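What follows is one chain in structure tokens, specifically the form predicted on its own.
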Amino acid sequence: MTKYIIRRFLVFIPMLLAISAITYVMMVLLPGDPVTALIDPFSMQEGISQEYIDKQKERYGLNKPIPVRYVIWLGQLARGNFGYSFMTGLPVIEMIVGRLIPTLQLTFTALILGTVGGIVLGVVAALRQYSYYDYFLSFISLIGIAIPTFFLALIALFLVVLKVPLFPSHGWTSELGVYNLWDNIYHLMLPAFILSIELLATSTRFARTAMLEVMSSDYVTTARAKGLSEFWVIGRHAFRNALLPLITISTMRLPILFGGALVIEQMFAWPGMGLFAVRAMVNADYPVLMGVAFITALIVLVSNLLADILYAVVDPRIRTGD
């Protein structure tokens, strides 16, 4: 198992380098540059000399060829930093860490809610196939998949924040600079639930389909013929074999949840990476954008690794190569 994980992990290094290189080139080739973003619009109207612009580009190293700039960025990455923000001059890693924790808290809470809740609801729906519960759950799942997350957030803000103030409208704590666990959970409940709805609906439908397919398998019929209890047949034989597609859905949804969290953060004023990334895009702050892109790519690769590990745990044939 350890060798299997190490082999999978070693594949990450060239993939991460390739993703970062492609992202850097595409980002630099986009219209606009940090120097123009830093210049006051009123000063632009009065006229800025080309000499001044050239000096500013030299100051930030923007006059160097793209490959040289990328190698310089890699050198900073090797020292544990993503460079320094053009806008603030602060190390990007320090700026990201403070915002990454709230984003991960929101993302992983939504992942747990969507995965666990979806599996439970889907398994129950499969066991009660064609019942009123099954039809109702299928209908609700389709609605959850069809309606965009931002629209659900707008409905929630209107109903349970504005009309019936059950939840706070913004922030992750009530007081700035004062952290309280229960207060944080209270602020987390609504945005995390809204973010988890699509995954919850998707997991429910996949869990139902996977369980129905497994329940009709020969080995399940054989287990019942041996006289095993229904609980043992479902838990030990059916559910374990139905986990593989559910693992794929859950782990592959993590990067999508991370991207969706950026939108939810904007709507609930959650102090994560959402507003941070948007400001960096507007200001063409390349080091900050590269830091955000690198973290996102790392999450995608970790999701793939997690899926491979869970596959190997559920089905030993995968790690042995059978």
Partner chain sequence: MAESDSAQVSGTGAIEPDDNSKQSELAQSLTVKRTSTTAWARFRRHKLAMSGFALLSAYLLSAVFAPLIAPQDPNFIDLNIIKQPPSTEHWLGTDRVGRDVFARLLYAGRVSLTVGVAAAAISAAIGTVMGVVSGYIGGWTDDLLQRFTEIIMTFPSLFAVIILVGITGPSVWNIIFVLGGLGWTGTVRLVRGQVLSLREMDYSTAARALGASDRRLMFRHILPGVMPYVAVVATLMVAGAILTEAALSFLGFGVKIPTATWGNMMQQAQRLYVLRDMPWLWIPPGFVITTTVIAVNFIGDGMRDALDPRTRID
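Numbering follows the first chain given and starts at 1. A quick note: this is a predicted structure, and the numbers were derived from the prediction, not measured. So that the term is clear: the rigid core is the largest set of C-alpha atoms that superpose within 1.5 Å between two forms.
Only in words, not in the display: the form predicted together with its partner chain, which the text now covers.
Only one of the listed residues (G75, G227, G80, P148) places a non-hydrogen atom within 4.5 angstroms of its partner chain in the predicted bound form, and that residue is P148. Contact check for R205: a heavy atom falls within 4.5 Å of its partner chain in the predicted bound form.
In the predicted bound form, its partner chain lies farther than 4.5 Å from every heavy atom of F231. Its partner chain in the predicted bound form comes within 4.5 Å of no heavy atom belonging to W182. Its partner chain is not drawn, but in the predicted bound form it has no heavy atom within 4.5 Å of L62. Annotated contact segment (heavy atom within 4.5 Å of its partner chain in the predicted bound form): 149-157, selected among 238-246, 149-157, 219-227, 114-122. The Cα position of V282 differs by 2 Å or more between this form and the one not shown after fitting on the rigid core.
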